[in-house]
Ligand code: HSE
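Taking the form predicted on its own, here's one chain by itself in structure tokens.
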Amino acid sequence: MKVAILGFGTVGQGVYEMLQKARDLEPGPVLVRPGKADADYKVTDISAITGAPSVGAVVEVLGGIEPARTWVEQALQAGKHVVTANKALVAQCGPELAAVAREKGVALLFSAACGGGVPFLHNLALSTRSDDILSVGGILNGTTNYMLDAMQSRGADYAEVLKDAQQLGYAEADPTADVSGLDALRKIMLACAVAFEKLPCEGLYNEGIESLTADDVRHFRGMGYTCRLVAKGGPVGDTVFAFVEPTLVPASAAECAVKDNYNLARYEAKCAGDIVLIGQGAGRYPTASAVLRDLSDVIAGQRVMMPQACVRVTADCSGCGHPYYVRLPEAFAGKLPCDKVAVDNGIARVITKALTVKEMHDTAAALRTRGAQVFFAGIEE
């Protein structure tokens, strides 16, 4: 099967290289920006791909919503299978694009959009055929995991490890989507869609690591905890809960073993129990390998990853919770139900009683509107 590629950045180049050696697959035309068509296989007009009878599948690795959405829909309408690594596109437009794919009898697969080389959505989709999924989640962003691991192991501060991550290519020049938790949130949205046939679009909560300091990390270590950015989702009534937040885990937790830019994706199934997958969560070849895995599934006959019955829902995070570590100005400490409080130089470090995710995130947002600098992390035993 000849495979066209939309976009020729880091991942697109990796896909093209791997296609040259793949079984039953071969590289086709590559869509690039005007002025960048410096080889015979590079084209600048999408019609050179959608109108090519020899092209059986299209890989989209452009990122963003437009023009990716328009071009993916055109490829599907032209009867081409589509594989995408674009989490933002699937989180926003997945059900509609999947409906077009079904109408045209072609595939829309997107396991590369969550976990890079880790076969998270791939295995999750297989498991839903014979088992009930009880929860999904894990460490789903390699950039923040690299930063947190470096701060924990080296005692470095936030600005230093962010600069290192950018120099290593783990973080973009604008790292906002990673460090804010938005990237991980989009991935947990996709996991909920695959596992529970519900795509949460509102009522979601995400807290990133922008407010974390080296002093916070020293306190975690003194308490025997490691901090990781963790995403969680699961069914609740007719909807799901879904959130991302820094989380303190004990030394016995599998998350503590996840170093550098690796991901840990997990899901719990009713019969199979807890399934944990660890591997490279981003990068040229890990993500390209996930794209080729999806292309191989297309050849094998798989067409669906977004369930046909999937509906958009408002998430409900009012019933899940745990204690929290919170660092905030001493004057605001009384706004939280405290189990323990330590005050030093006007800064309070609080261990709260059990709070729901909604309560904690809403309280932090309210305190910030009053000028308080707040960092918080869930505590997992």
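The structure presented is a predicted model; accordingly, all values stated were derived computationally and were not measured. For every residue, the number given is its place in the sequence shown, counted from 1.
Not on display, but discussed next: the form predicted in complex with ligand HSE.
A.B. asks: Is K87 close enough to touch ligand HSE in the predicted complex, meaning at least one heavy atom pair within 4.5 Å?
C.D. replies: Output for K87 is yes: heavy atoms within 4.5 Å of ligand HSE.
A.B. asks: Please tell me whether any heavy atom belonging to G181 falls inside 4.5 Å of a heavy atom of ligand HSE, as the geometry stands in the predicted complex.
C.D. replies: Result no; G181 lies far from ligand HSE in the predicted complex.
A.B. asks: Could you confirm whether G281 comes within 4.5 Å of ligand HSE in the predicted complex, counting heavy atoms only?
C.D. replies: G281 belongs to the contact set for ligand HSE.
A.B. asks: At 4.5 Å between heavy atoms, is D157 in contact with ligand HSE in the predicted complex?
C.D. replies: Contact check for D157: no, nothing within 4.5 Å of ligand HSE in the predicted complex.
A.B. asks: Ok, Y267, Y170, F196, F243: which has a heavy atom sitting within 4.5 Å of ligand HSE in the predicted complex?
C.D. replies: Spelling it out, the residue with a heavy atom inside the cut-off is Y170.
A.B. asks: Only one of L140, V136, A290, A75 comes within 4.5 Å of ligand HSE in the predicted complex by heavy atoms, so just point that one out.
C.D. replies: Here the answer is residue option L140.
A.B. asks: Okay, which stretch from 304-312, 188-196, 140-148, 91-99 lines ligand HSE in the predicted complex, with non-hydrogen atoms inside 4.5 Å?
C.D. replies: Flagged stretch: 140-148.
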